[in-house]
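The form predicted alone is given below as one chain in structure tokens.
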Amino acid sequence: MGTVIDAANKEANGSLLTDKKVTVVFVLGGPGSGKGTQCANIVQHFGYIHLSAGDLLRAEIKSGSENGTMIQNMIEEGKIVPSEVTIKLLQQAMEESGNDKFLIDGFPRNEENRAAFELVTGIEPNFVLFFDCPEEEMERRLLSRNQGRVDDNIETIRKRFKVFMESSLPVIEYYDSKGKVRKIDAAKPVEKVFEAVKVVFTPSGDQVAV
């Protein structure tokens, strides 16, 4: 994987991203926490570009590129795609967008992702938007909206929750220790959740009395 890492480092060091002030917000939350809906609202109201690590990997596979074939083979073999591969795709998407404000959704998935992102890009997130939602509520939402989907039976859903808790919570705890986590109560109705999100993204948000 050295070539991918080298390429990613080279791109970061001479990239457009290092030439301007870039705002990055990591968006984390369990499956069914409503991240996608709220990211769409943030894009519409605050002019961010929404990047989903999973979507970028799927698009790369679909493109039929050599990189895409490698990613597909790793997924089929049950292996985890190396952080550097995902980071390289995120970097490319950020540079090609021409924007300087990004929501990175569903990444970093674990501590290794987090450390690699900061090392390769030289970018620390401004903050982490964490959609905190009880497992029972996420389960209810997934079952009601995805009836009939094979990957959304109870066992699979609970497995996804477990993976999220084990992998992503250390990332949230790390950034929380740096005062960078903005926790949103995602169990409320969509409109109420967005009201809380708006406070976080409004420049005077830190001074708003809650």
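Because the structure is a prediction, the values reported are computed rather than measured. All residue numbers refer to positions in the sequence shown, first residue = 1.
Keep in mind that the form predicted in complex with adenosine-5'-diphosphate is not shown, yet the notes after this line are about it.
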*Site status for adenosine-5'-diphosphate after superposition of its pose in the model of the complex: open, or blocked by 3 or more ligand atoms within 2.4 Å of backbone or C-beta atoms?*
open
*According to a 4.5 angstroms non-hydrogen atom cut-off, is residue 145 in contact with adenosine-5'-diphosphate in the model of the complex?*
yes
*Classify residue 137 as contacting or not contacting adenosine-5'-diphosphate in the model of the complex by the rule of any non-hydrogen atom within 4.5 angstroms, answering yes or no.*
yes
_in the model of the complex, does residue 198 come within 4.5 Å of adenosine-5'-diphosphate, counting heavy atoms only?_
no
*Do residue 65 and adenosine-5'-diphosphate share at least one heavy atom pair within 4.5 Å in the model of the complex?*
no
*Heavy atom contacts to adenosine-5'-diphosphate in the model of the complex at 4.5 Å, residues of 173 to 197 in sequence order*: 186, 188, 189, 190, 193
